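A single chain, nothing else alongside it, follows as structure tokens in the form predicted on its own.
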Amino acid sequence: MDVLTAMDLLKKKGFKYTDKRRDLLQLFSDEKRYLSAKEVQDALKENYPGLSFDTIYRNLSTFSELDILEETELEGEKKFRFTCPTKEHHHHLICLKCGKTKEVNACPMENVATDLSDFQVTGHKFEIYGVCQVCVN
């Protein structure tokens, strides 16, 4: 996902173009990592001092519903990042210090030994947490 594609999708879905939305999306494009609503608010407060946490969170939720952003929960807090451009099934390594991610092209569901015949699986999410090399050093 990129800013222009995201803004076009918002327009097609009936949302107004605003500089705040564009700048919020640009932040995710620049950061390339998971961000919390508080981190977004802190990053945008200089240009938008009156921007409320509720407004940010509402926009993040909308972006997530439209698959512009993907979300995860780290340390009890929802965090967001641009949806991966990769359309193939994959999972992520996530750095707990900086939020950077790395794609994992293997899927543990292929190795699930449990009999799932009495359960209809509709999806799954697999994330590996740790600390990236940059944050270790």
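We number the residues from 1 along the sequence you see. No experiment lies behind these values; they were computed from the predicted model shown. Just so we're on the same page, rigid core means the largest C-alpha set that superposes within 1.5 Å between forms.
Keep in mind that the form predicted together with a further copy of the same chain is missing from the display, and what follows is about it.
I94, N105 and K125: each with a heavy atom within 4.5 Å of a further copy of the same chain in the predicted complex?
Heavy-atom distance to a further copy of the same chain in the predicted complex: all three under 4.5 Å.
Using a 4.5 Å heavy atom cut-off, which of 86-94, 37-45, 60-68, 22-30 contacts a further copy of the same chain in the predicted complex?
Result of the contact check: 86-94.
So in the predicted complex, is a further copy of the same chain close enough to L4 to count as touching (4.5 Å, heavy atoms)?
Answer no; every heavy atom of L4 is more than 4.5 Å from a further copy of the same chain in the predicted complex.
Is L9 close enough to a further copy of the same chain in the predicted complex to count, meaning some heavy atom within 4.5 Å?
Heavy-atom contact with a further copy of the same chain at 4.5 Å: absent for L9.
Quick one: does P49 come within 4.5 Å of a further copy of the same chain in the predicted complex, counting heavy atoms only?
Looking in the predicted complex, residue contacts with a further copy of the same chain do not include P49, since no heavy atom lies within 4.5 Å.
Taking heavy atoms only, is Y129 within 4.5 angstroms of a further copy of the same chain in the predicted complex?
Y129: contacts a further copy of the same chain in the predicted complex.
Superposing on the rigid core, do we see a C-alpha displacement of 2 Å or more at G123 between the shown form and the other one?
Comparing forms between the shown form and the other one, the G123 CA shifts at least 2 Å.
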